[in-house]
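Before any questions on how it binds or moves, here is one chain, the form predicted on its own, in structure tokens.
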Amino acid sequence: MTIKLKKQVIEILSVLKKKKTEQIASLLANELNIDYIVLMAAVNDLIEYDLGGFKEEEINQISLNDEGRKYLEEGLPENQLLEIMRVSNAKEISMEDLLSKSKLDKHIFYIGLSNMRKNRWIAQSKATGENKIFLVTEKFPETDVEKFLKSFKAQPTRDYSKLSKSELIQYDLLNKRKLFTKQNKTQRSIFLTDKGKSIKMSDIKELKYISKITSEMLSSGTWRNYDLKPFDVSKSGPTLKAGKIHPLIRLINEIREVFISMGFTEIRGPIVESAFFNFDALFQPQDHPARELQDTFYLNNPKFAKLPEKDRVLAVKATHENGGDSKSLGWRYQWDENIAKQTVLRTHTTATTMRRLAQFYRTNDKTPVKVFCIDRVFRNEKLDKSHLAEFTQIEGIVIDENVNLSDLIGLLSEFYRKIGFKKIITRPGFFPYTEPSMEVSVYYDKLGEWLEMGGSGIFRPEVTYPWGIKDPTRVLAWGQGLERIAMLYYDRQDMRDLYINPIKWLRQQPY
């Protein structure tokens, strides 16, 4: 019966027949200069035809470490020192001269000197007042330690359990010098079955696989000389590494679709913003700590921004100083227009929301107005796994008649349900420009716990009145960081992963 095998399998079978004994797989792979995995694949082919096989055993494998391999090439320290004396034909030498001629560290030098004395190669004397070393023999047979060390040149790894009593003694001596590494490993030994030993190489033909038949093969009939390569249709195809939308952009698009499905319109605003829209319009006093350089990026070019209509600037000024017509007492300080003109990198997208309130006043819009913003903001934060200096904020507002907290809870519940969170709770909170205010938490199934997502509330009269939005017309608002959702959505522990783009993680993301 003729057996067909791949060319490399035939070559390995031929080698095993010549060896006649079991072979350690790793050593045979090195001898044949082939990859270990390729060798074991060939053995599996032999197993398929009952020609060969392998067995496994757990071994305590010992091998030389870097220092040990260095001594294998250059000789042990005592042999190096002996060689220096023999080459220079010196029967005696001062210790200082020998140390200077050697390339050994001082510590290793003294170890070598000690072993020379143990081998009875040298004697030391200070009779002349100088520490001298004398050769006391003319024959220097190879020591057992040297023989054991050199055995690792032909066999870099040895099975500790198979060392002889003599070798164990030498191993202990060298191991005290920290020249070995010891590992528990699985060793595979390859063997031929009786069928493999007895089969004639003439009964084995080379298997020539082809993946497709050409028209020339059909017309000439040469297709009969080949074997069609089998295909396993149950196996997955190769992993695609084509370009794809970034996970963060994909999440932004999903959130954008949620807002649009709820009847919202997207708004955008400038990244370089005036302190007026970023702080003052939100009734934040001009001496508030959040305005300091350690929290906000101020610009030198352009240093100042244009303010909106003069009457609206005066309305905001009055609100700060005495409450204006909002029935508030205000902050009771002298408001400075020059501070309001300062330019900043916006610290929140609420600045864009305030621009929409200004537009509502300017164009005399009709209610309801439902808008959202997903955009970049900047804060002077120290970077860590939960803080970034540049990040993305999500914000939504509704301007309508007689809306209240129940309407806001309904909107939030629908929004978070649409992005994948089934349970939502709200509780009273405090935020500077909303009153009443609510904190929003969602239940995260993977962790089995409630997580705080962001803030919400109804804009205070001090925020809306300067723009002509007065009771019963109110503004519902809520917002949070996009990265907070993204870390849950993509199960990431470090917010920076969303921007440093670990390749392995990106490749795991769907298209």
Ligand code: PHE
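Sequential numbering from 1, following the sequence displayed. Since the model is a prediction, treat every value here as computed from it, not as a measurement.
What comes next is about the form predicted together with this ligand, which does not appear here.
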Between 259, 433, 276, 71, only one gets a heavy atom within 4.5 angstroms of this ligand in the predicted complex; which residue is that? 433
Which residue, 195, 379, 362, 188, has a heavy atom that falls within 4.5 Å of this ligand in the predicted complex? 379
Can you tell me which of 342 to 350, 320 to 328, 114 to 122, 84 to 92 lies within 4.5 Å of this ligand in the predicted complex, counting heavy atoms only? 342 to 350
Answer with yes or no whether residue 393 is in contact with this ligand in the predicted complex, where contact means some heavy atom within 4.5 Å. yes
Can any non-hydrogen atom of residue 477 be found within 4.5 angstroms of this ligand in the predicted complex? yes
Considering only heavy atoms, tell me if residue 455 and this ligand come within 4.5 Å of each other in the predicted complex. yes
